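Just one chain is shown here, as structure tokens, and it is the form predicted alone.
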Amino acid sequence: MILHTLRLRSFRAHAESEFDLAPSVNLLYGPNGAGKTNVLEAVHYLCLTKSFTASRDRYAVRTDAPYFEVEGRVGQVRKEPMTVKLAYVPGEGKSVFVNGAELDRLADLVGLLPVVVFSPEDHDLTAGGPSERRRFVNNILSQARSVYMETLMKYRRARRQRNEVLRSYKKRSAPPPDALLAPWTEKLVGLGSRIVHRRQQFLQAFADDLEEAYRRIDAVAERPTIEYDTIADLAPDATPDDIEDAFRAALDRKQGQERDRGTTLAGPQRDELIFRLDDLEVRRYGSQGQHRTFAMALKLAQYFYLQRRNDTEPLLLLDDAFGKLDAERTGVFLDLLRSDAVGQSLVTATRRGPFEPALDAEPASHRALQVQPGDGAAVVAPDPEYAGGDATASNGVASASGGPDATAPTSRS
């Protein structure tokens, strides 16, 4: 996948920004708060219909603007280049258009434009709660296999319905009738077992990607592993039927607790991933450097995994990923970005200097864009020295003039 051009309208700090991108490393540099991360966030919207931060959609709309739009021209995904546009109108929702035709569902975009993000929040992957690690796995599998995302969405709906039954009868201080609860339990077991089985298969394959990623970015001879803590002590070759039996038994054991608490207490929504370096559990005992390296290895392994399973190379977004790395590790990672192992990347930083060796190597393949706060809005301009071989306005344009058009795009939720 190559993102050739990107346009942001009324998106956070950007009133109207449009610029071209190079096929390899694209550096967006400038002061903090200028709007660099906004660009990566916009790209993430274009690929997965949502931000990679915890922010709600309405906060991405520029102040006093009626909507935002993100549009990109993409190549090396299908036979012909295509244009993808996402529009959001507060109160109405988001719409996605591919070559001018609106998609029936936002979910239809997921996996078409694979993307991997490195950000300061990656520390939560190794140091935060289990939900961060489940979200990581769900992100990968949803981009790799649309059927996984469909199953996950159905499971969440079934769990909400089952929880509603449990809550309503908890208020009555009475056990829910089997005739009412059992159908949702069976649906939950069937869907949840497929999720657990797919996660189990994924983690077995992902182990090789993680070792390869760790080898590329760290010289220490520590072996990274992931332990999967799920419904029961399942064998690595457990079948969906085996998992169903274990899931059903776990729910049976927790019947009393579920009635008392009014919620489902077993299932893939409670899964945990335990990261280790040799025998060291990273979350509990890892140093800051080990946390940082393991998180970077996880994201690089995600890239390798999606690269093998999709018809196109993922887009790599790195938001201030080098801020806390030493010079040696930064150099190793920049060499990786320039290599054939990685396709197009967008990198944010406050200074251009550390990236100049990479930019100098192949000027036609790399580009530097300066992001500065302008007259009330962000301005993105090509650095004449690193503009992908051409610093003319046609190859990198941004303006901070005016607001969005008065007519909002048609949107739906």
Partner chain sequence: MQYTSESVEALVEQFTKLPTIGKKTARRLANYVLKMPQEEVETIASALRSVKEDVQRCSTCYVVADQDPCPICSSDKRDASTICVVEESSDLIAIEQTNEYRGVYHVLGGVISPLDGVGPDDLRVHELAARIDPSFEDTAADAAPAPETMPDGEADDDADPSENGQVQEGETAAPVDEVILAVNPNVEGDTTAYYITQLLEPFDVRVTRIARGLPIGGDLEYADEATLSRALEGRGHVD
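Since the model is a prediction, treat every value here as computed from it, not as a measurement. Positions refer to the first chain, counted from 1.
Just so you know, the form predicted together with the partner chain exists too; it's not on screen, but the next bit is about it.
Student: May I ask you to choose, among 301, 115, 87, 158, the residue with a heavy atom within 4.5 Å of the partner chain in the model of the complex?
Tutor: If I apply the 4.5 Å criterion carefully, the residue I get is 158.
Student: Which residue among 145, 254, 308, 223 has a heavy atom within 4.5 angstroms of the partner chain in the model of the complex?
Tutor: The residue from 145, 254, 308, 223 that makes the contact is 145.
Student: Can any non-hydrogen atom of residue 284 be found within 4.5 angstroms of the partner chain in the model of the complex?
Tutor: No, residue 284 stays farther than 4.5 Å from the partner chain in the model of the complex.
Student: Is residue 186 part of the interface with the partner chain in the model of the complex - any heavy atom within 4.5 Å?
Tutor: The answer is yes: residue 186 has a heavy atom within 4.5 Å of the partner chain.
Student: Even though the partner isn't displayed, in the model of the complex is residue 165 close enough to the partner chain, meaning a heavy atom within 4.5 Å?
Tutor: Answer yes; at least one heavy atom of residue 165 falls within 4.5 Å of the partner chain in the model of the complex.
Student: With a cut-off of 4.5 Å between heavy atoms, is residue 179 one of the residues that contacts the partner chain in the model of the complex?
Tutor: Answer yes; at least one heavy atom of residue 179 falls within 4.5 Å of the partner chain in the model of the complex.
Student: State yes only if every one of 105, 150 and 172 has a non-hydrogen atom within 4.5 Å of the partner chain in the model of the complex; otherwise state no.
Tutor: Yes: each residue has a heavy atom within 4.5 Å of the partner.
Student: So which of 187-195, 79-87, 268-276, 231-239 is the stretch with heavy atoms within 4.5 Å of the partner chain in the model of the complex?
Tutor: Going by heavy atoms within 4.5 Å, the stretch is 187-195.
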